[in-house]
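What follows is one chain in structure tokens, specifically the form predicted alone.
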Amino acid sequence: MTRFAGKVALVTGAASGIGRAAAIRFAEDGARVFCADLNLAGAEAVAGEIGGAASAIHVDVADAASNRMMVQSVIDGAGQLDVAFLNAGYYGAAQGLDTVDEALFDRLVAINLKGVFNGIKAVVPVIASGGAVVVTVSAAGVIGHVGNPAYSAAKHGAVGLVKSCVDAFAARGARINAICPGGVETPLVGAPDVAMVPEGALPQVPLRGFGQAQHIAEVALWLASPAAGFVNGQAQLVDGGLLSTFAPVQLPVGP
């Protein structure tokens, strides 16, 4: 497919996981791709996987100036920006409220919420008419997460940012949406990156099972494509049915 022929795509968090899968798929669909990550060596490795259609950029999404430099590098290198997949994120080591201290809270908010804000602010002045922004959030952005309340709070804020910035992007003829993955097998949860497969060969995920990074990447590509031109300001769950029903409850037993 060549849905993105002649287009330029920026992917943050591109060194691994969902970002890596999306960068590869954008390139396969014709885009020139800029792979951005705090881990520059990892981003360079993914750009190397892709080949001549890709470049690597260092970015610290928690820093506003770094985001501006990242976007300027795209404009300097390609002259345009059609798609921004703001995917970088951080979970941290948390196992309940008692394990989240102020330092971890600040880091989670800096990357997962302020990082989205910084990316949006850097992208909106240059995004092309007809362009699209997709932000990776989480299913924890639409429901609480007892294991990591700070992560969930930051992700809820990111959903609010996306919905609040629709008008700013519409003024430039562009769209913005969030994608909210459930459980995904990526390095974020200790799983290795795996080889890409043809789009039609992706397996169906069992109910409430773990998806693959490419499952999320394919939805991100669709949200960024003209086929999703009627989708704007939404938080799209991609969770294998995880949040489709209430959690099972123990019914009272009769006397």
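In case it trips you up, residue 1 is the first one in the sequence shown, and so on. Everything quoted here is computed from the prediction, not taken from an experiment.
What follows is about the form predicted together with a small molecule, which we do not show.
- Contact check for Gly119: every heavy atom lies farther than 4.5 Å from the small molecule in the predicted bound form.
- Remark: Gly89 counts among the residues lining the small molecule in the predicted bound form, judged by a heavy atom distance of 4.5 Å or less.
- In the predicted bound form, the small molecule lies farther than 4.5 Å from every heavy atom of Leu207.
- Put simply, Leu10 is far from the small molecule in the predicted bound form: not one heavy atom of it is within 4.5 Å.
- For the options Glu44, Glu218, Glu28, Asp60, the residue carrying a heavy atom within 4.5 angstroms of the small molecule in the predicted bound form is Asp60.
- Only one of the listed residues (Ala227, Val197, Val194, Val189) places a non-hydrogen atom within 4.5 angstroms of the small molecule in the predicted bound form, and that residue is Val189.
- Segments offered: 92 to 100, 135 to 143, 159 to 167, 73 to 81. Contacting the small molecule in the predicted bound form at heavy atom distances within 4.5 Å is 135 to 143.
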